[in-house]
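Given next, in structure tokens, is a single chain: the form predicted alone.
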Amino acid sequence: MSGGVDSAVAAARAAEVGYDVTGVHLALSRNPQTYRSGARGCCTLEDARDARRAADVIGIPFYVWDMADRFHEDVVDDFVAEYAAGRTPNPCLRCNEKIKFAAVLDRALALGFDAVVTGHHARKGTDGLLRRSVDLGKDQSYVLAVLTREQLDHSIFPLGDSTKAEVRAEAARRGLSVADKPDSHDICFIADGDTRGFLHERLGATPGDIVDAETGEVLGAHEGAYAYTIGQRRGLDLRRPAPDGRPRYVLSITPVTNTVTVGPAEALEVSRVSGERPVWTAGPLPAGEVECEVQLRAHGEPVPATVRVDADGLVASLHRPVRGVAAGQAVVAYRPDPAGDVVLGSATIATTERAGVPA
């Protein structure tokens, strides 16, 4: 129970249908005062109190589990290391993979519980497969696609058939004080929302060049390549305009040379994506190619693709180019289905290609 409206209603629904429910709040910060305060974030002392009050209203036991060290090692340190390596990680995805459905689920099963219930907006069908939420604007199946089939078998998502508006209205009817609490935003462990400043504090200043991809000309300088991500336009602070006078976007980040390469918007177009550490939850690995849709960022638009996956990785050939695909994000494969798009599997994006040319 995070202290928000979604997990509170999920717990209430689970208790109402007869499950023996225990509320658990995760203490994830080594120093809670360094995390966000107020309603903009999560993982604060205020959130812990809100979660406890919700548990009292529902009438279920409530505990706080300290997982700060595990969270710091598996999520925060991973976040910093990924940026240092020139990639753009998704910490929510990593938190689901390493904390909520690994550390928490393992402890829950060891204590005799059958499943973890969360407030994620996603559905699990009678076939055990993960599906998108009916509320596509709040769908969180993308950040759950890292879960294995065994983890899904021990997971319950009670909110997948409801819109966020319906969840809030139900919370109000149940007398839960978090009914109108705003959703959390940004990254919970970055107190002021300044990702660049957070990374600078941990990685230091590492000056380097911003180079034009087409001419090789040095157009500007940076204080750390980790401060940039693929597709970025703002904040480049170029010393001189590109030779053709057109806007420039970040095309690639090369930590070895500490170089940020920029170019025109059309150079961002990617036609092929390769992923590592694949997870295929829809059943055995397919023997051949799969026609499906893929999503390449948390709130990205699904794109038709041909996917081939094996134990070593996943390759998605996109049926139309997509711009701004960053290594470190997830490529998630979906099968369109009348009952709701089914998550087939996922992988962490390792490389991309532009019309056959490595990006």
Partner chain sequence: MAYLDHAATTPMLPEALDAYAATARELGNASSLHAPGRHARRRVEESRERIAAALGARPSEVIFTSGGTESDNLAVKGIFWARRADEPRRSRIIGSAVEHHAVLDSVEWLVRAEGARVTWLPVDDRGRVEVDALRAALDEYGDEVALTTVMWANNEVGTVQPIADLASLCVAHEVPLHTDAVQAVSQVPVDFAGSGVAALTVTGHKLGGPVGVGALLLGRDVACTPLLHGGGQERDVRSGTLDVPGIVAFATAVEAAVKARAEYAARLSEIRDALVAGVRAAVPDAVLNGDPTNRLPGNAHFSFPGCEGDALLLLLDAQGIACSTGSACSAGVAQPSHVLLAMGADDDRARSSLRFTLGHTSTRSDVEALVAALPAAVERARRAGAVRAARA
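Positions refer to the first chain, counted from 1. If you're wondering where the values come from, they're calculated on a predicted model, not measured in any experiment.
The same protein has a further form, the form predicted in complex with the partner chain, not shown here; the description that follows concerns it.
*Asks:* Residue-level question: is V57 within 4.5 Å of the partner chain in the predicted bound form, judged on heavy atoms?
*Replies:* Because no heavy atom of V57 falls inside 4.5 Å of the partner chain in the predicted bound form, the answer is no.
*Asks:* Taking any heavy atom pair closer than or equal to 4.5 Å as contact, tell me whether G112 reaches the partner chain in the predicted bound form.
*Replies:* Output for G112 is yes: heavy atoms within 4.5 Å of the partner chain.
*Asks:* For D209, is any heavy atom within 4.5 Å of the partner chain in the predicted bound form, or not?
*Replies:* No.
*Asks:* Whether D66 contacts the partner chain in the predicted bound form should be assessed with a 4.5 Å heavy atom distance threshold; does it?
*Replies:* Result yes; D66 sits at the interface with the partner chain in the predicted bound form.
*Asks:* Honest question, do R272, V290 and A326 all end up within 4.5 Å of the partner chain in the predicted bound form by heavy atom distance?
*Replies:* Checked in the predicted bound form: no contact with the partner chain for any of the three.
*Asks:* Which of these stretches, 139 to 147, 100 to 108, 154 to 162, 211 to 219, has heavy atoms within 4.5 Å of the partner chain in the predicted bound form?
*Replies:* Of the stretches listed, the one contacting the partner is 100 to 108.
*Asks:* Quick one: of D135, E170, E82, D74, which gets a non-hydrogen atom within 4.5 angstroms of the partner chain in the predicted bound form?
*Replies:* Checking each option against the partner chain in the predicted bound form, the one that comes within 4.5 Å is D74.
*Asks:* Looking at H319, R70, R308, R53, which has any heavy atom no more than 4.5 Å from the partner chain in the predicted bound form?
*Replies:* None of the others qualify; the residue that does is R70.
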